[in-house]
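Here we start with a single chain on its own, the form predicted on its own, put down as structure tokens.
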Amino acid sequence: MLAKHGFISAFGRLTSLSPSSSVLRRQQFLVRTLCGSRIHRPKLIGAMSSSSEADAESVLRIVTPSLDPKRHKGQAGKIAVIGGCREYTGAPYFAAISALKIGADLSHVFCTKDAAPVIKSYSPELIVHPVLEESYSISEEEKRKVQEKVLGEVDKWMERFDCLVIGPGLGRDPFLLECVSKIMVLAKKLNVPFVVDGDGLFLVTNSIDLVKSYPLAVLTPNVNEYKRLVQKVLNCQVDEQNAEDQLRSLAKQIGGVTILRKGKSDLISNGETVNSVSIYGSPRRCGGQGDILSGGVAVFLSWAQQLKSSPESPFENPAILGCIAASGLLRKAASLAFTKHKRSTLTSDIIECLGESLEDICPAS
């Protein structure tokens, strides 16, 4: 029997839950939906360990669902990106289109009105909602009314989403960030998982309570974003000599959120285990690869949730699986794109290699 207030991880440990009833309900749901009967426990245990290189390809094969003609639109994932403003329209597009290229059925973008026409012009595949507002476009007297309107529009859709990606191209407008913080509170209330990247990490670093003790939150910081998180939460500098221990401490201090620290080797921890992904990769560091990663984490996390479970075969939580799978796939796609384009490799080239890379690991037929 699974404990009432916890779930057993892939390594048989009992993880205590927050007393929040909403988090408890979501964790109980995850226990019921983690893994399908076609998966054998030794396969997943062999793909992961408490402090080692994860077998990302095995995790990809486990998490990626087979294509079934009986499934209907939406069952392979409904992802929403919260981001996009006047200055930044590429990042939310990269995250949202990557989700579709990996295999999600539907991808939404909630952005500012200025950003919407631009993002729409990039692709007709995306569902774009021009509902967010920046300070320059509204008066002080209108802010409360506008904020209620924004939350009302997002609330109409929230329960339909399997995962949110919060932050790509968000910018740092104070009013916009305040609205997004309310969206995060709403997502937590409805037990919707979310991945925080880009300017969303700026928001979270200054308001840790937005994610603290929420096990369905994933943070994906780069070098500088990670440095700020460590300084804010642990009140110290980044310790590269003890990188895994420090990452574990950071995730634990924030209450068991999952952190994917991007770098030469991606390190992933939820405060209990630490896994690294360092396969493949590319020396080309064009901007936008983090946006691909955040969209990928959202898709694989949602797929991990959909796996049918049995009480006899409990597995690691879906956030860890999502991070390992997304990291491995991005690295393979980046490596493939680099072999084709070398120094001229762009983020769009990597996105075009996502499908081929996943097909190579998990053939559709």
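Everything numeric here is computed off the predicted structure, so don't read it as measured data. We number the residues from 1 along the sequence you see.
One more form of this protein should be noted, the form predicted together with another copy of the chain, which is absent from this view; the next part is about it.
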item	value
Partner-contacting position among S335, Q306, S58, T64 - heavy atom within 4.5 Å of another copy of the chain in the model of the complex	T64
In the model of the complex, the one of L100, V233, V146, V238 near another copy of the chain [non-hydrogen atom within 4.5 angstroms]	L100
Proximity to another copy of the chain in the model of the complex (heavy atom, within 4.5 Å), stretch among 182-190, 200-208, 138-146, 68-76	68-76
Contact flag, H129 vs another copy of the chain in the model of the complex, heavy atom cut 4.5 Å	yes
Contact test in the model of the complex: P124 vs another copy of the chain, heavy atoms, 4.5 Å	yes
Exercise: K113 in contact with another copy of the chain in the model of the complex, heavy atom 4.5 Å	yes
In the model of the complex, G152 touching another copy of the chain (heavy atom, 4.5 Å)	no
Residues of stretch 159-179 in contact with another copy of the chain in the model of the complex (4.5 Å, non-hydrogen atom)	none
